[in-house]
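One chain comes next, on its own, written as structure tokens: the form predicted alone.
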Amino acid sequence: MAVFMDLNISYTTNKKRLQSVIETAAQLGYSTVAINYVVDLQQKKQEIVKPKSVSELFKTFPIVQGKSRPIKVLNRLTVVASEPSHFRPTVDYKAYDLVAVFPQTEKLFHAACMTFDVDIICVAVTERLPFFFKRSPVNGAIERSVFFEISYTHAIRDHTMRRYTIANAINLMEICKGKNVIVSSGAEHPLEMRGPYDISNLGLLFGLSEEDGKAAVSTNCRAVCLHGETRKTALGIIHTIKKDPALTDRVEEDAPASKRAKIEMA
């Protein structure tokens, strides 16, 4: 059974509203959500601070609909970058489970795809892109296991933004062919949340296939989380599988006599 995730729940100082959004996500069947702290370093008095502990939100986290376990809550940082100096990873970045960048120029988009140590690259949804996507940087991001994010909440709020969201998403899909794409809400209120199967269908409007649309809220999000774990530790994530003794015996029986003799000697 698929595990669904929404990796963009807008942070607010209104604790009750944030709790309500997370509770709604659990009711809709999302197993994991990420609280998104957005920092625009071009604005004055903006600085990267440590996120609040998610344990402060609930005494007992809400149970995911259709599951027997509570929802998992992550912290995410999104840096709005209009100059290269705006993105300089520090120790503060490691306090977040996920790191995203929202490049404002073509030059920064290229740098984000090819060199920035991030998990997610945000695609503009509130305005027409000031540049065209090019195959080389997009493929570079895919090779580095960096994912592109499209948020749908703005498309719900305003019909003009809906046109921008769909147009920018389709432009991206023409280059990346649906690879390394996640779709998230960016929700500020519970009513802005949509179920994972609704989002899979919405992906068709964005130029995603039915399979890629489902992956955009499930397996691709899981890959983003693993990438975040790798980035934080600067190491790799290894999954181990218990060896089946019966299978090992069968393999040894089928092996040539000379190979079996070497195994017995060892």
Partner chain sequence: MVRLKSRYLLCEVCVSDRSHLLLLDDGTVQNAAKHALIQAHGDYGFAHSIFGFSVKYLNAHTGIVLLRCRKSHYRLIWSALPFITGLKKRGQKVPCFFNCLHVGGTIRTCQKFLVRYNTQQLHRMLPLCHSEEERSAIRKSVLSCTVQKDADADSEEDIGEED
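Residue numbers count along the first chain shown, from 1. Please read these numbers as outputs of a predicted model, since none were measured by experiment.
Same protein, other form: the form predicted together with the partner chain, not shown, and the subject of what follows.
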State yes only if every one of V64, I156 and L202 has a non-hydrogen atom within 4.5 Å of the partner chain in the predicted complex; otherwise state no.
yes
Partner contact for T24 in the predicted complex: the partner chain, 4.5 angstroms, heavy atom
yes
Can any non-hydrogen atom of M193 be found within 4.5 angstroms of the partner chain in the predicted complex?
yes
How about R144: is it within 4.5 Å of the partner chain in the predicted complex, going by heavy atoms?
no
How about L28 - does it come within 4.5 Å of the partner chain in the predicted complex, if we only consider non-hydrogen atoms?
yes
Tell me, please, which stretch of 194-202, 50-58, 224-232, 33-41 lies within 4.5 angstroms of the partner chain in the predicted complex when heavy atoms are compared?
194-202
Students should find that, of H110, R162, K72, K179, the residue having a non-hydrogen atom no more than 4.5 angstroms from the partner chain in the predicted complex is R162
